[in-house]
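The chain below stands alone, shown as structure tokens; this is the form predicted alone.
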């Protein structure tokens, strides 16, 4: 399985609509050209003033044929989007006048295009923080019905096909929530299971991980994971899961048999849920560096419609890949 190749092929076949809010960011303009030339989206929209985007494109040697430009300040949808934003935020004290000002922010406009069906996917973060991207997405798009938590996952592509799906696994959450509650961990597990289906094309087998296996240690951090497992059991999700499990008990069948006999995961885990951001971030980087694995992401999950965040150090190819992955998730 070649994750990037597979996601680009899927995006190309699905032909969904993409909006890139950071339309005056040079790497984003270059990425838009590649996305259009490779037919990875049915349409590509850059947000910003036309003259500014054209100037950046000229500086970068990029022609804009086949790429749409929308200036939120003068677009025909301004009143409609402002009213929708007012309705969403009036319980927070938002006025219609302020809504008309705030919605012209490119991140909010991009999210509103997705909400209103004018685009299928929004990708940003090359010049905005993760917090900014998350806030606009949560305020306008919201989370999947039944979940309250937006989180993230990495696709880890290892050289050993024995792990996960042909060497590919989902690691979550490694980038968003520093210290999730038990309920948030349960939400993360559900979102990561869906990411496993979308990215790896297999049914998820999920392990909620800890430094304890089935009560072998006592600690508040262990109790949190145990509680998350009980919450999941109450929800009756349509995937196999177990916890709390140490990493070896999750991944190695002989250790599973010894430490967690009868566990439904039976060493077949393809989706790993970390108890906190420290464990997740350290874990994926250790596998990436010491295990010489490819780490793709982080990809946002748990939103009602797909959006993605970029690293502010993202390369042009990173932006193209993230956009293709996000386009592949659109319904």
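The model shown is predicted, which means the values in this text are computed figures rather than measured ones. Positions refer to the first chain, counted from 1.
If you look for the form predicted in complex with acetyl coenzyme *A (ACO), you will not find it shown, but the lines that follow are about it.
J.: Suppose contact means a heavy atom within 4.5 Å; in the predicted bound form, does that hold for all of 91, 135 and 138 with acetyl coenzyme *A (ACO)?
T.: All three within 4.5 Å in the predicted bound form.
J.: Can residue 304 be called a contact residue for acetyl coenzyme *A (ACO) in the predicted bound form at 4.5 Å between heavy atoms?
T.: Although acetyl coenzyme *A (ACO) is absent here, residue 304 would stay clear of it in the predicted bound form, with no heavy atoms inside 4.5 Å.
J.: Is residue 258 one of the residues lying within 4.5 Å of acetyl coenzyme *A (ACO) in the predicted bound form, judged by heavy atom distances?
T.: Contact with acetyl coenzyme *A (ACO), no.
J.: Would residue 154 sit within 4.5 Å of acetyl coenzyme *A (ACO) in the predicted bound form, counting heavy atoms only?
T.: Because a heavy atom of residue 154 falls inside 4.5 Å of acetyl coenzyme *A (ACO) in the predicted bound form, the answer is yes.
J.: Is residue 266 part of the interface with acetyl coenzyme *A (ACO) in the predicted bound form - any heavy atom within 4.5 Å?
T.: No, residue 266 sits far enough from acetyl coenzyme *A (ACO) in the predicted bound form that none of its heavy atoms falls within 4.5 Å.
J.: Exactly one of 150, 107, 200, 209 has a non-hydrogen atom within 4.5 Å of acetyl coenzyme *A (ACO) in the predicted bound form; which residue is it?
T.: Checking each option against acetyl coenzyme *A (ACO) in the predicted bound form, the one that comes within 4.5 Å is 150.
J.: Out of 251, 205, 177, 225, which one falls within 4.5 Å of acetyl coenzyme *A (ACO) in the predicted bound form, going by heavy atoms?
T.: Of 251, 205, 177, 225, the residue with a heavy atom within 4.5 Å of acetyl coenzyme *A (ACO) in the predicted bound form is 177.
J.: Go through 30-38, 258-266, 61-69, 275-283 and give me the stretch that gets within 4.5 Å of acetyl coenzyme *A (ACO) in the predicted bound form, heavy atoms only.
T.: Stretch 275-283 is the one.
J.: Sequence order please: the residues of 116-134 with a heavy atom within 4.5 Å of acetyl coenzyme *A (ACO) in the predicted bound form.
T.: Heavy-atom contacts within 4.5 Å come from 130, 131, 134.
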